[in-house]
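Encoded as structure tokens, the following chain is the form predicted alone, with no partner shown.
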């Protein structure tokens, strides 16, 4: 029997070296560009490491003078102001409830990502329970919890609430609008198309302002409701209009013969939609859908315009005291890390779903 292990290792190293040379140094010009870009990236990385770690101040008791003497990042501002950054205007003594509410939302999202939980009944039970727990913790008024008005919600819990509520309300609306727009009945398709195009032609800021300020002037008192819920509905409607077009694009990419074959097999409209059309439409529209979720999360920062303290607005408040006005970069870096963790996790989960769907399609 011949020894094959040593002969396999060498071609792998040579193959990697050839691939690197082919991708980054195939020509003298390409090698020069690679060298210049690599030098710039290394310089940027070293500058960030030197500022954020090597010359940074980590002592929680350090103040302005100690931070300025070190010349690097002043991380004590996070230790001193993290409650304001994460919870905003929420009452100090009740912030443990806001922290638990964030954990509830995180647990609901993680459970919803597990394939074994993808049944309609299981997802409905998870989200109903999570929503009830979140609202009970944040709003209070039961089981001895002090009532906290929605205007006092802020920071990370408010950002998560607006994003999750926008997605949960907006996705079913998007599916309904997409189905209405592709209807063969003009009386259904034309109004749906006009509504979608009208919403997409407006900036989200104007919709939020209308829901928060204008609607109370034209609606009767019993329909006004709390301002936060009107803002969430406006954001969900905006999300639904864009997501409806994404789903409609997924429908259009499905070969027409599949629906005709389903009709020939005697499947009804509901069976064709649930078992054949919608799964394929979502698979084809998955990258754009993940991008839309990322945009919806980022756009939660706009609610500050209508009087709410989201995560970014709370961060702005955290460093506007006299002691920490110089440490705004550190606060923004901390907020950026939170946003990055969420967006990166969402993108990786989207890649997992794409790989899973592709594998399922190959097996079928």
Partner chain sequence: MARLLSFPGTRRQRELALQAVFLSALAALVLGAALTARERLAAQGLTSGFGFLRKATGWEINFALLPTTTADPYWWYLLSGLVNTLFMGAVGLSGAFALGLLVGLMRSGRNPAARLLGTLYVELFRNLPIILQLFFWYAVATALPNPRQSIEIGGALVNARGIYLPGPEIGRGIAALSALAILAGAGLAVGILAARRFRRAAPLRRQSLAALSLAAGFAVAAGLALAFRDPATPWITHPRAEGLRITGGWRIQPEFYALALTIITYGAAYVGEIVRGGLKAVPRGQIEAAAALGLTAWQRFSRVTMPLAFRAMLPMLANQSVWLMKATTLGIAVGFSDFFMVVAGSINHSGQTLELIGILMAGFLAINLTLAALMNRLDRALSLEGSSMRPRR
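Bear in mind that the values here come from a model prediction, so they are computed numbers and not experimental data. Rigid core: the largest C-alpha set superposing within 1.5 Å between the two forms. Residue numbers count along the first chain shown, from 1.
Below: the form predicted together with the partner chain, not depicted.
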Open item on the list: So if I measure heavy atom distances to the partner chain in the predicted bound form, which of the stretches 130-138, 161-169, 105-113, 211-219 falls within 4.5 Å?
Closed with: 211-219
Open item on the list: the partner chain is absent from this chain, but in the predicted bound form, do 64, 98 and 228 each have a non-hydrogen atom within 4.5 Å of it?
Closed with: no
Task: Heavy atom of residue 185 within 4.5 Å of the partner chain in the predicted bound form - done: yes
Open item on the list: in the predicted bound form, does residue 56 come within 4.5 Å of the partner chain, counting heavy atoms only?
Closed with: no
- [ ] Answer with yes or no whether residue 24 is in contact with the partner chain in the predicted bound form, where contact means some heavy atom within 4.5 Å.
- [x] yes
Task: Any non-hydrogen atom of residue 149 within 4.5 angstroms of the partner chain in the predicted bound form - done: no
Open item on the list: Between 251, 75, 293, 238, only one gets a heavy atom within 4.5 angstroms of the partner chain in the predicted bound form; which residue is that?
Closed with: 238
Open item on the list: Given a 4.5 Å distance limit between heavy atoms, list every residue of 189-211 close to the partner chain in the predicted bound form, or none if there are none.
Closed with: 191, 200, 201, 202, 203, 205, 206, 209, 210
TODO: Take the rigid core as the frame of reference and indicate whether the C-alpha of residue 253 shifts by 2 Å or more between the shown form and the other one.
DONE: yes
Open item on the list: On a rigid core superposition, would residue 136 pass a 2 Å threshold for CA movement between the shown form and the other one?
Closed with: no
TODO: Classify residue 195 as shifted (yes) or not shifted (no) between the shown form and the other one, where shifted means its C-alpha moves by 2 Å or more with the rigid core superposed.
DONE: no
